[in-house]
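Given as structure tokens, the chain that follows is alone and in the form predicted on its own.
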Amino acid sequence: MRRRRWWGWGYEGEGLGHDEHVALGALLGERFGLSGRLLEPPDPARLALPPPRLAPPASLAGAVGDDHLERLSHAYGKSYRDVVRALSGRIEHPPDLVARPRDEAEVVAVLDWCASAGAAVVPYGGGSSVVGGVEPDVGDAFAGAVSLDLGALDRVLDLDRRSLAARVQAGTLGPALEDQLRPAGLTLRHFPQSFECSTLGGWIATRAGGHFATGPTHIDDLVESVRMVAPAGVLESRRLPASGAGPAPDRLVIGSEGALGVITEAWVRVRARPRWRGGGAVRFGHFAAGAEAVRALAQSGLGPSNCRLLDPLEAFVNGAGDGRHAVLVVGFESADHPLGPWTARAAELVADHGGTVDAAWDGGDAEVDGAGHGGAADTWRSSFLRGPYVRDALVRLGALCETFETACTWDAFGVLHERVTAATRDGLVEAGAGAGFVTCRLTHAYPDGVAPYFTVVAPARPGAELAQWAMVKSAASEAILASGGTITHHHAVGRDHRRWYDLERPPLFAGTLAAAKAVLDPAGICNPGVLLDPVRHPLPGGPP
């Protein structure tokens, strides 16, 4: 079996090769004056962890343990801040124990024991959080912390082919989910960049957004019903295509980030696998012109599956452009019909806004087995999937590398893009990394707005990386909220975004959410600090 890296993204032995690391190091040396020396991860066996403060009952001996590497692997997610700390051997909040329940009954048993022992529980899917969502940083009010890994709940349990729905366990990783749907000719069609190492339960808990830029791309749109085990009991919604019966219980669970309970399974909407694909890349002289083309496509009703605009530098860095043009990647797909009329109209629309359609544009009239359109579109797609591995390589070579994303209405976009870019550059200067650069791409498009996604790469000062990161993060986040954006479009709140999430949400809703948590999680043990401040309420007869 492949083993996932304990310190960073992906699997051991995968990612960039030696020559690619050398080439990347040379580029960073030329741009930032960095040495090109590749920092090696520490030997996990040499990292000391505090002894566990908890001992599981005998009844959970097969599901809960204190293995050293397991505790290390569950100490962090995969954010820049997480990777920096792991590479430097700073394991600040390791879980005392790691639970790997084999079925829902053991999930219930773990929650019952933790509530009685006064231990915090941090649900863990694929560990791909980039916002501090799985770090067991739970404060001092608990007897310990347990990372609850859903990885053993990894099967498609049922298929309703007539209704096009599947019942899937929450710990199922993206590739395993698609592998189990493929024999039936079906797909969930949810492909976030974290797809390789993230789970259905994690997508639901974080309101994840998929790769597709329009249509039902958010996991919200794909959940038919959901089942969550809370300390107070099981919450399961009814399978329905739609309902007007009061506030939807699904919506309480979707985006709850483990603060209300542990998602164990869900019915999700699936579809036939596509047989036709079309589209390609379009070049624009200016990013603003490309953004107007994106708006026209989003409001046209054509429903492209992909509609991602890269600014000139973003396109160049990803090998999809020459650094002088913004590049728009447009894609269409269908399981039912050829795509000629859709791709032809899309080509007209982008040309109307000054776009030059790539020669490799595919009209989508012939059935295809692969997903490629050739040219810049395929180059960008490959770069997108390798992005997390490249990020880790940049960190190991001494670069500060961070991404942040938001969403805003079209009328706010121009000002937001300008202000956030400027504020981030100012933050880099304040952090002593003024040689860095900021790029932007538009990842998702709606008739009423868009999701800008920013990337920052800069020289990091050894020993000051986290302070630099905090300055840049703060500057960007303040500008996002001040410009009418949301603090996160699809990366979740976690612990990193809490300060700005508290400002974004209505105060009355904050109280409503706290009341819901008090009902579902009376002892306050579920992922304390995520969405809400940690509040421990000792149970009668339990530890103080």
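Everything quoted here is computed from the prediction, not taken from an experiment. Numbering starts at 1 and runs along the sequence shown.
Keep in mind that the form predicted together with a small molecule is not shown, yet the notes after this line are about it.
Novice: Within 4.5 Å of the small molecule in the predicted complex, do 290, 327 and 349 each have at least one heavy atom?
Specialist: Not one of the three qualifies.
Novice: Check each of 125, 364, 427, 136 and return the one that places a heavy atom within 4.5 angstroms of the small molecule in the predicted complex.
Specialist: In short, 125.
Novice: What is the one choice in 436, 274, 209, 321 with a heavy atom within 4.5 Å of the small molecule in the predicted complex?
Specialist: Contact residue from the list: 209.
Novice: Any idea which of 231-239, 261-269, 275-283, 294-302 reaches within 4.5 Å of the small molecule in the predicted complex, heavy atoms considered?
Specialist: After filtering at 4.5 Å, what remains is 261-269.
Novice: Counting only non-hydrogen atoms and a 4.5 angstroms cut-off, does residue 193 reach the small molecule in the predicted complex?
Specialist: Contact with the small molecule, yes.
Novice: How about residue 95: is it within 4.5 Å of the small molecule in the predicted complex, going by heavy atoms?
Specialist: Residue 95: no, not in contact with the small molecule in the predicted complex.
Novice: Indicate whether residue 388 is a 4.5 Å heavy atom neighbour of the small molecule in the predicted complex.
Specialist: Answer yes; at least one heavy atom of residue 388 falls within 4.5 Å of the small molecule in the predicted complex.
Novice: Could you confirm whether residue 198 comes within 4.5 Å of the small molecule in the predicted complex, counting heavy atoms only?
Specialist: Residue 198: yes, in contact with the small molecule in the predicted complex.
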